[in-house]
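Form predicted on its own, single chain, as structure tokens, below.
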């Protein structure tokens, strides 16, 4: 009966009156979505891939000349580009590790019966609901050497976080940790709530200590959820642009996405910037593939 209800139209419905079949109704929902994806996702990808093999510049009317793999060779032999990749890798490690530690730690604290737990969880989720531009401007005021509250709270005087070459990248990473730790917290809470309670009860009967319980029960069962959080946050951190662009202009905090922006819209090397975008895409896909393989191994344990 359930199958009949799903595959057969109600004869009194408007769709049946208009003579629409199940397949027609399905196509009415699917085809616009597929067309949207083709126009706004797949077509630009293919179009930019073609430009990556040319010397095209969007600032001129000169025709694009085919140069083959020259753009890719120049980029892979450019030490400045590799320096941007090194800065980005450092930023990703600091940011994702910080989000994992803070988010999972807060989730562990919330995974118990506490007063106003729902309200507290909602308030902690607010940072990730804000716009990147708003967060960047907000933290730029907090880092201000003259009236920023961070220097006042830490007693650092007029220390310039965003102008200091050694601290600029850490300041951006700290802002990203503040903004996206709630995302890791939310996934961690979902994983912690799914851990069977009888395992903790059995551990308590066996007089297992808190460290044994954490490393033998909690962490192994929550590890797949944490890996999913790491995958999502690594991909997003690798593509971070607006936060770093708003906060600082220090070369030591110039992520690969900022280098890509400058190459495309300030230097107008359109063809070369398309090639750099595909190099970044390939790297992100490779890193994600490694994470997914490790995630599958974790699930098999």
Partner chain sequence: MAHIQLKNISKTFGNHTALTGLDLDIADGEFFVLLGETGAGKTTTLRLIAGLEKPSEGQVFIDGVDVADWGAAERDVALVLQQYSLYPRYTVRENLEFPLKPKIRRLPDAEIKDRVDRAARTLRIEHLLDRKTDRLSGGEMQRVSIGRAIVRKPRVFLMDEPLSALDAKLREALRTELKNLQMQLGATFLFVTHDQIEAMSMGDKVGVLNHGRIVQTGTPHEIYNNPRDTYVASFVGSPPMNLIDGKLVNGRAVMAPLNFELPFSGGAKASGATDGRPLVFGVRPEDVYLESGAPVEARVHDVENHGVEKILTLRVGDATLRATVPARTDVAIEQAVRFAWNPDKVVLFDKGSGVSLRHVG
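Positions refer to the first chain, counted from 1. None of these values were measured; they are calculated from a predicted model.
A second form of this protein, the form predicted in complex with the partner chain, is not displayed here; the remarks below concern that form.
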(message) Just to confirm the contact call: exactly one of 184 to 192, 205 to 213, 91 to 99, 70 to 78 touches the partner chain in the model of the complex at a 4.5 Å heavy atom cutoff, so which is it?
(response) 205 to 213
(message) Within 4.5 Å, heavy atoms only, which of 199, 133, 126, 149 is in contact with the partner chain in the model of the complex?
(response) 199
(message) Looking at 221, 120, 109, 86 here, can you tell me which has any non-hydrogen atom within 4.5 angstroms of the partner chain in the model of the complex?
(response) 221
(message) Taking the partner chain as it sits in the model of the complex, is residue 230 near enough to touch it, meaning that at least one heavy atom pair lies within 4.5 angstroms?
(response) no
(message) Can you tell me if residue 217 lies within 4.5 angstroms of the partner chain in the model of the complex, counting non-hydrogen atoms only?
(response) yes
(request) Within 4.5 Å of the partner chain in the model of the complex, which residues of 253 to 287 have a heavy atom? Give them in sequence order, or say none. (result) none
